[in-house]
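Shown next as structure tokens: one chain only, the form predicted alone.
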Amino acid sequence: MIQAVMVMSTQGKPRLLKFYSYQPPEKHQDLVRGVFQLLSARPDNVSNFVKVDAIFGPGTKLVYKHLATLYFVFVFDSSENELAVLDLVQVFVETLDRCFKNVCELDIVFNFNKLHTILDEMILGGQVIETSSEQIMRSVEEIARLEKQSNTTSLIPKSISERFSR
């Protein structure tokens, strides 16, 4: 099961935190700090798989990808395959790239709703439900279309609104 997804800057600022197993809100900052200290101390030429028993509890592992100024981090338990989760991180990054045309930290800061939508299309309750970037993009585009459509729908019939607009 996926326990958490984090996107954080190379300065340690969390840009996305999503926990699928309960963590008290006051503990979130400690978890982010612990993960950041662990990742920032690692050289670039080592494995992207890390055991994080001391931070998240026994049997938990972390897979991360460091791209530009961001760390994409997925925390999971022993029921998940490490390589499958690394592939999931890659799908997440590819989908963000497709959505934002070469994603950067500002895209994540200013479009956090879309980021959450993409993640929700991939993972539900800690279980991976979709791994196809194309399918995820279709779903996100459909959601955006429906949101746009619902924003333009008027509850007042045109004949009444035209009468009062004179």
Partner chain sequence: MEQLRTIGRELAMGSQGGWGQSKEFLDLVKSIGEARSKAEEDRIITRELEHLKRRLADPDVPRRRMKELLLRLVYAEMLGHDASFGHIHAVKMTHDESLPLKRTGYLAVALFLDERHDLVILVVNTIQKDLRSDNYLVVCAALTAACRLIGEEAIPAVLPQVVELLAHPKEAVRKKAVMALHRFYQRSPSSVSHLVSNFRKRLCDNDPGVMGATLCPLYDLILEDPNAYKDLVVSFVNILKQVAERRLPTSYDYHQMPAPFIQIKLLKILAVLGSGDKQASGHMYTVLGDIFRKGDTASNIGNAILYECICCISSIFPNPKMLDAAAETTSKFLKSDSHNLKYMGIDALGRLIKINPDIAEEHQLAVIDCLEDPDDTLKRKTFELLYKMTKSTNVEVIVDRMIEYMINITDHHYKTEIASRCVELAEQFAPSNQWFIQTMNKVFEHAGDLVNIRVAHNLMRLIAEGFGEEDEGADSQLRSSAVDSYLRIVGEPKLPSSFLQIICWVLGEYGTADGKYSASYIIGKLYDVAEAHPTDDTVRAYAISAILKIFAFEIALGRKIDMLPECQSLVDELSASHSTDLQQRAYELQALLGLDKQAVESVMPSDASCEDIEIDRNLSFLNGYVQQAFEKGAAPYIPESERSGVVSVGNYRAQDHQETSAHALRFEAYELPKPSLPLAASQASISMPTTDLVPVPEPSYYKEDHPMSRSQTSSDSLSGEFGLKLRLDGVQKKWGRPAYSSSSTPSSSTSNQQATNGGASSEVGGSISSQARESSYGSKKQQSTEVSAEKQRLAASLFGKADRKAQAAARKTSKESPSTEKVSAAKATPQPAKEQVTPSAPPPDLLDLGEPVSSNPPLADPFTQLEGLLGPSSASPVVSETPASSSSKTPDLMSIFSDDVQTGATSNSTEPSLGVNVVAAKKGPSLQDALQKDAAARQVGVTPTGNNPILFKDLLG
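Numbering follows the first chain given and starts at 1. Quick caveat: nothing in here was measured; it's all calculated off a predicted structure.
Form predicted together with the partner chain: not shown, discussed below.
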| item | value |
| --- | --- |
| Residue contact check: Gln37 to the partner chain in the predicted bound form, 4.5 Å heavy atom | no |
| Any non-hydrogen atom of Met137 within 4.5 angstroms of the partner chain in the predicted bound form | no |
| Contact flag, Phe74 vs the partner chain in the predicted bound form, heavy atom cut 4.5 Å | no |
| Contact label in the predicted bound form: Leu31 to the partner chain, heavy atom within 4.5 Å | no |
| Sequence-ordered residues of 116-149 touching the partner chain in the predicted bound form, heavy atom within 4.5 Å | His116, Thr117, Asp120, Glu121, Leu124, Gly125, Gln127, Val128, Ile129, Glu130, Thr131, Ser132, Glu142, Ile143, Leu146, Glu147 |
